[in-house]
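Shown here is one chain on its own, the form predicted on its own, set out as structure tokens.
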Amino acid sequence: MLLQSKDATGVITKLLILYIAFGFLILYSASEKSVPTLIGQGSKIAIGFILMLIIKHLPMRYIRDFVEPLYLLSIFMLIIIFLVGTTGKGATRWLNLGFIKFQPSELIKLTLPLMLAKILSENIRKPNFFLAIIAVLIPMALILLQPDLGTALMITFISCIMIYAAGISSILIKIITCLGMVIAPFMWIFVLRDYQKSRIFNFINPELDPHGSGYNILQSKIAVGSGGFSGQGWLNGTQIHLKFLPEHSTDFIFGVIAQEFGLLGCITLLTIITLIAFKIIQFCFTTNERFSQLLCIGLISHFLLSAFINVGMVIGILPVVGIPLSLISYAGTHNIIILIGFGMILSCMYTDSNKLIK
């Protein structure tokens, strides 16, 4: 077990380096050979990777001691964003501190799994699911008010996976499901904005508005389909370089992969993601440390769900939401948070190994 855990951390780190390198290759083409874009992405990735390596060697008990302050800090940031936040594209999601501009909603994807892991691991036989649900509802409501439906759904899915892994009873699952069905119509009427409803309608039928709200998904499908088995070749994607595919360096970057590298490139990328997830899930099944187990489940769920949602919206099986492809899309806060999350996962694995030594 000791050798397996230590070997796994090395394998995960190497796979992440390979994955990030592939991301830079894609971003160079998606950004139309923009060196400033690569430098911007590289600086954020470098910050995140350094933090990952530092956190990797921190004993998990140190991280656990700061769970509540970190969670409360992230909630505070979500509140003050309505007072001093920066608005863009109709949403107030960013805090500008002068030297850095970031999204507090990304931070909650790190602090909420920490909080849930601590709540649900304190009493293994009878976890406090009510307190866990309250811990989820507070940030979810604040994020919906920004509005940011994609992130609100993301933290909800992550939380549901963690709560299910903690052993929630089937009765509570049925109650929550029924409440969700009752609330859904009110969410549609009072919470969803017109543009969000439009995205759902265009997901069902993009041809409703092919030159407006359905344009993005139609162009992304064309990019994916035209790639074929082996792709059109690096830097040769017509949808990208002829500027048909919108946001091709951020939300729709998977369309670049599909068009330039084809099915082979897509399978390669998804295989790397699967191998990373497999190593972490394997650890979750073997560790006896409940906090580490639940935390790793939450953090790897964030990584996997980001990939699933991003790929799903590009190929047209999910509605368009602003979820980037982690460590591939041009994104600042998101990529740093993802790498910090991997640092915590590796810390859990190292801590577990050190316990076995003792």
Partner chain sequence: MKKNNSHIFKTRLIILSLIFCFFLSTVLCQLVYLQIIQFNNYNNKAQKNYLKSLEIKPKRGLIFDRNNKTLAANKEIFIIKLTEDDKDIREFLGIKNTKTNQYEVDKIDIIKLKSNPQFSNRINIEEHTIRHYPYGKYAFSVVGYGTMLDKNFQPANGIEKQYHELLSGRSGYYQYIQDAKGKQTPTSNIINDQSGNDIHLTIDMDLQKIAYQSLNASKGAVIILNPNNGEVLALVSKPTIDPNDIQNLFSSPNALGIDKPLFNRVISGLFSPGSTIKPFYALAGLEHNLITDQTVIEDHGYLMLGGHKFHDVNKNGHGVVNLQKAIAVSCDTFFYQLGLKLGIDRMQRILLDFKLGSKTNIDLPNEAYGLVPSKEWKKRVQHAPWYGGDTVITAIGQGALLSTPIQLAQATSILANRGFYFHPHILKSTTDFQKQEHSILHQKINIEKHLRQNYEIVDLSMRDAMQRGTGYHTFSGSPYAIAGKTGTTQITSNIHTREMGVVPKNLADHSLFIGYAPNKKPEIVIVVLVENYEMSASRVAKNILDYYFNKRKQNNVITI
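What you see is a predicted model, and the numbers here were worked out from it, not measured in a lab. Residue numbers count along the first chain shown, from 1.
The same protein also has a form predicted in complex with the partner chain, omitted here; what follows describes it.
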Which is the contacting stretch out of 76 to 84, 279 to 287, 110 to 118, 146 to 154, given heavy atoms within 4.5 Å of the partner chain in the predicted bound form?
279 to 287
Within 4.5 Å, heavy atoms only, which of 293, 306, 333, 31 is in contact with the partner chain in the predicted bound form?
293
Though the partner chain is not shown, can you say which of 72, 131, 192, 173 has a heavy atom within 4.5 Å of it in the predicted bound form?
173
Does the partner chain get within 4.5 angstroms of any non-hydrogen atom of residue 197 in the predicted bound form?
no
Is residue 104 close enough to touch the partner chain in the predicted bound form, meaning at least one heavy atom pair within 4.5 Å?
no
Determine whether any heavy atom of residue 262 comes within 4.5 Å of a heavy atom of the partner chain in the predicted bound form, and answer yes or no.
yes
Partner contact for residue 235 in the predicted bound form: the partner chain, 4.5 angstroms, heavy atom:
no
Looking at the partner chain in the predicted bound form, which residues in 215 to 232 have at least one heavy atom within 4.5 Å of it?
215, 219, 221, 222, 224, 225, 226, 227, 228, 229, 232
